[in-house]
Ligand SMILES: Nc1ncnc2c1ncn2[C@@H]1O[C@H](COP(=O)(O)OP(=O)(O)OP(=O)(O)O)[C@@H](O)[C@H]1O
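Coming up is one lone chain in structure tokens, specifically the form predicted on its own.
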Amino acid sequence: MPESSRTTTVLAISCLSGGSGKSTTVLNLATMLSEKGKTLVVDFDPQGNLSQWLGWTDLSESATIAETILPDTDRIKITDIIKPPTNEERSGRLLLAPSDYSLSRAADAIAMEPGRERFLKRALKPVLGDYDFIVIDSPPSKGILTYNAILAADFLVIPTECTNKGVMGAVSTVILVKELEELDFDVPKILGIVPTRDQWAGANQTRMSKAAIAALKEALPDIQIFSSVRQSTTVQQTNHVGWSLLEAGERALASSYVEVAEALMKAVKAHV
């Protein structure tokens, strides 16, 4: 797409529960979207899993996303931190704004700053128009970093594991978005929820997974529940080499993410 006519769609992936599959969802959706247009992955989780999966295991000598949200005197431009993945050649279609634990210290540094909930949105502003898609990975807990990730986005996808804890995390995330909206923030449209780590025994879905998906549908009847992602060691294996499930040839496992990507493209067209 010519840069002069490029409109950037910003997608946040968030859930207020650990182990929800956020970073896995970002990796899979971002690689799929990079086939449709130039894509920037923003690792906004201090754990930095996504950065590590994309080959950046040591950022001790590099600036990260943390420096882009600091107060004026210490802040640097996001264009100065963007890196290509080192684990896979993707012809410049997929790029990374990396993260490590320094992001937690940055969150402390901005805690008393006015407008702190939208510092990531401000940081991304200079590269809007340079990318077709920006996909943001957020922390698994409520706080200033999660607020920033959500408020920087046009659309939100909530992945959550098929457990009682996962259901509570998804519901809490939806409530958080509503709370931010009540405070007059511009909040993203919730595209839907992706149930992850759906456990099966042979040809039968486990009772726990079945109950969790039913509970999601009952608790959040107005939000789309996408097809679930089955529990599989293949997911962990592909993550650690920085490949999406599609890149690894696992089309069946990737089907939920394909469904989400298609829903996003449809929503973008309707939104324009």
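As the structure is a prediction and not an experimental result, all values here were calculated from the model. Quick note: we count residues from 1 along the sequence shown, nothing fancier.
Just so it is clear, the following notes concern the form predicted together with the named molecule, a form of the same protein that is not shown.
The listed set Gln205, Gln231, Ser227, Ser62 contains one residue whose heavy atoms approach the named molecule in the predicted complex to within 4.5 Å, identified as Gln231.
Proximity of Gln236 to the named molecule in the predicted complex: non-hydrogen atoms within 4.5 Å are present. Residue contact with the named molecule in the predicted complex: Pro85 places no heavy atom within 4.5 Å of it. When the named molecule is considered in the predicted complex, Trp53 lines it closely, a heavy atom lying within 4.5 Å. In the predicted complex, at least one heavy atom of Ser17 sits within 4.5 Å of the named molecule. Comparing 64 to 72, 218 to 226, 23 to 31, 205 to 213 against the named molecule in the predicted complex, the single stretch with non-hydrogen atoms within 4.5 angstroms of it is 23 to 31. For the partner-free chain shown, just Arg197 of 189 to 204 comes within 4.5 angstroms of the named molecule in the predicted complex, judged by any non-hydrogen atom.
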